[in-house]
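Quick heads-up: it's one chain on its own, the form predicted alone, in structure tokens.
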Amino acid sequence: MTLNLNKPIKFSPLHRLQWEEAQQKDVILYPEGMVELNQSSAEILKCCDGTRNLDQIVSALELKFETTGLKNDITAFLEVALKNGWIQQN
């Protein structure tokens, strides 16, 4: 399974992304457990709302953090997220 650059990306309905006070970080919750996220990963997943494709997510994050050159890192993370089932594309 590979990321389609043109299709919108959405967070999986089988998982839940939330702030976990005990760990002081965002986490992905699912029936089998929990994944702790660093701030960058959480920000990327928060953009996966089903309305934006890869380029739109990259643009939104580069604008938010006032930087450029994030596409390769974001793409690499989203490929891992897709393989782990954290995100989906229709």
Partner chain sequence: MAGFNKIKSTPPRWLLAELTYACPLQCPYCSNPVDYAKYQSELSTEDWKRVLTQARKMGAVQLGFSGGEPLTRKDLAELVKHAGDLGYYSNLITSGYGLTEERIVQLKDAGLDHIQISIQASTQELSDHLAGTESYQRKREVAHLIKKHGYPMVLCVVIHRENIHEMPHILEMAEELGADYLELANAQYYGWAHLNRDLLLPTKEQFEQAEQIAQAFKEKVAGKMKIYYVVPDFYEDRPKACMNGWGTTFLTIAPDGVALPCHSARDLPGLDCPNIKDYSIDEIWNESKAFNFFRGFEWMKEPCSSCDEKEKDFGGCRCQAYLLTGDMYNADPVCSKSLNHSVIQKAIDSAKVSAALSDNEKPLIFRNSKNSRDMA
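Numbering follows the first chain given and starts at 1. Every value quoted in this text rests on a predicted model; they were computed, and no experiment measured them.
Missing here is the form predicted in complex with the partner chain; even so, the following discussion is about that form.
A residue is said to contact a partner when one of its heavy atoms sits within 4.5 Å of a partner heavy atom; residue 65 fails this definition for the partner chain in the predicted bound form, lying far away. Although the partner is absent from this view, residue 10 stays clear of the partner chain in the predicted bound form, with no non-hydrogen atom inside 4.5 angstroms. Contact check for residue 60: no non-hydrogen atom falls within 4.5 Å of the partner chain in the predicted bound form. By the criterion of a heavy atom within 4.5 Å, residue 4 is excluded from the residues contacting the partner chain in the predicted bound form. Residues 14, 15, 16, 18, 20, 22, 23, 29, 30, 31, 32, 33, 34 are the ones in 9 to 41 with at least one heavy atom within 4.5 Å of the partner chain in the predicted bound form, listed in sequence order.
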